[in-house]
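Okay, here we've got a single chain as structure tokens, the form predicted alone, with questions on binding and movement later.
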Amino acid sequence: MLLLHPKDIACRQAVELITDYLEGTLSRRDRRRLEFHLRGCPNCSAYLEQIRTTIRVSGSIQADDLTSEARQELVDIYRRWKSE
């Protein structure tokens, strides 16, 4: 059984901190806690790499790269999300 130190964070908390971590807006304390968690958690480390890849790839997509069907699907998803 793994005993958590009071300063440890759970995976759910780690996932919530990833965006701030990548944007460099975490406090020094939270950054250290997250990095400590990432060193011992392959799932959260993989999630971080997935987000980094998504940012890298999505930043290079141009409107002309999408088919009209894909473009419409994204618009539909956005509209459904906004209506919720």
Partner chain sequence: MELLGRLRDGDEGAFVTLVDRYHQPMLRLARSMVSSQAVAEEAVQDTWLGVVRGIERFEGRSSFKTWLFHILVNRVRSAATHEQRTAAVESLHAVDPDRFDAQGQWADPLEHWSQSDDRLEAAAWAPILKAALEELPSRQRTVVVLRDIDGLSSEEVCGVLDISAGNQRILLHRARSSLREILDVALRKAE
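Please read these numbers as outputs of a predicted model, since none were measured by experiment. Think of the rigid core as the biggest set of C-alphas that the two forms share within 1.5 Å after superposition. Numbering follows the first chain given and starts at 1.
One more form of this protein, predicted in complex with its partner chain, exists but is not displayed; see below.
Heavy atoms of residue 27 never reach within 4.5 Å of its partner chain in the model of the complex, leaving it off the interface.
Scanning 65 to 79 for heavy atoms within 4.5 Å of its partner chain in the model of the complex gives 65, 66, 71, 73, 74, 75, 77, 78, 79 in sequence order. After superposing the rigid core, the C-alpha of residue 63 moves by 2 Å or more between this form and the one not shown.
After superposing the rigid core, the C-alpha of residue 72 moves by 2 Å or more between this form and the one not shown.
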